[in-house]
Each structure stands twice: as structure tokens, then as C-alpha cells.
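Presented as C-alpha cells, the chain that follows is alone, the form predicted on its own.
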């Protein structure tokens, strides 16, 4: 059975993984007959009140919060090796741009969490496919832009696309249920809630992205 790493960044759209996107990713992996291997970094996050969208002043642990989505079946990303996986995918949510990287603050000058960067680089070197949805493709641009100039999508948001292009990556517009494949670099990306107005659109887009990711294995 193929093993697909799922890199989570907390629990909730404003400060962690977007829950719908994460769940649809896990569902798509299961329906494809593959095994999801959930992981997250053991670091702190700044909590956002999801009712008011205001910062609460609290801090929580990214790994602990991500475990809520994974039903406890999750690993600290520092213990996960590329040799254990056949592919990896990053759901979106602001956690990808706040916790796994600092793209939310620094845009094209962003850096990526060291353990996340280590795993993604090792996956690339092993020629194993990488997927990302919603805002998470911006993390791939920050990590690989100058070196690989990967083609990715976040849909059609002009501001975010411009920051992606500044990294050296290439942004390609994409409809909500579609995906963009960079076959040379084995990267698949899809817009999800960067573009979606309905939960069903997110489900279809994530499902299509995961299917294409698995085809690249």
C-alpha cells in the first residue's frame, strides 16, 4: 500500500490546517487505496478566535492541535523520513503560511520551518511527488522558487500570485476544481478555499489533486 504523508499545521483555518481541506485530503487518500501518514512540527502557534477572527493571545502546540484532525494517529515531522513515504501533500489553512512558514508575514522573502523544509527537499531529491492545496503552494514557492522555478497555483488571487512569482516560482491560474501539474518537479497544486465558494468545490478539487499526485508515484 502506498503511503502518502500529510503535513498538518494545526487545527482551524485561521491559525492551522483548514479542516475541510485536511479531511478531504485524508478521505481522497483512503478512497485511492493508499495510507495517510499524518505529521506536524512540535512547535507553538498563536491562537485565533475562529468566531471573531481576532487573535486570542493564547498559544497552543501545532502537533497537539493537528492530532485532533488525525484522531491522535500523528507523528512529529522530525521523526519522518522520505524513505518511509511514496508522496507527500500539504493541506492549506493559514497555518501553512504562519506555522510551517512565515509567508503570511514575509511573502516572497519567506522561509520554511526547518523540519518541513528537510522532508520536502528529501522528497524532491528522491523524485517522490509533492502536493499542496490552497495557500500551501506558496510555501513550496518559498522553498523551491530560486532553485527549481516550479509551476504552482493558488487559483487567481493577484496579490498572492505576484509574491509567488517573486520567489522565482511561476504561478499559473487554475479553476477551483482543477489542478496544476509541474511534471518535471513532480509537484501538483490546487486552489481549494483560495477560490472556492462551496464546500463541494473544495472536495472535488482536493480529490482531483490527490488522484493526480498518486499517478506521479
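Residue numbers count along the first chain shown, from 1. Note that this is a predicted model, so its numbers are computed, not measured.
This protein has a second form, the form predicted in complex with another copy of the chain, left out of what is shown; the following refers to that one.
**Student:** Just to confirm, residue 209 within 4.5 Å of another copy of the chain in the model of the complex by heavy atoms?
**Tutor:** Although another copy of the chain is absent here, residue 209 would stay clear of it in the model of the complex, with no heavy atoms inside 4.5 Å.
**Student:** Please tell me whether any heavy atom belonging to residue 82 falls inside 4.5 Å of a heavy atom of another copy of the chain, as the geometry stands in the model of the complex.
**Tutor:** Taking the distances in the model of the complex, the answer for residue 82 is no, it never comes within 4.5 Å of another copy of the chain.
**Student:** Although the partner isn't part of this model, could you tell me whether residue 30 comes within 4.5 Å of another copy of the chain in the model of the complex, counting any heavy atom of the residue?
**Tutor:** Yes, contact at 4.5 Å.
**Student:** Contact between residue 37 and another copy of the chain in the model of the complex at 4.5 Å, heavy atoms?
**Tutor:** Flag for residue 37 set to no.
**Student:** Just one of 174, 161, 181, 47 has a heavy atom within 4.5 Å of another copy of the chain in the model of the complex. Which one?
**Tutor:** That would be 47.
**Student:** Which of these stretches, 183-191, 165-173, 152-160, 57-65, has heavy atoms within 4.5 Å of another copy of the chain in the model of the complex?
**Tutor:** Heavy-atom contact with the partner occurs in 57-65.
**Student:** Check each residue of 9-25 against another copy of the chain in the model of the complex and list those with a heavy atom within 4.5 Å, in sequence order.
**Tutor:** Heavy-atom contacts within 4.5 Å come from 11, 12, 13, 14, 15, 18, 19, 20, 23, 24.
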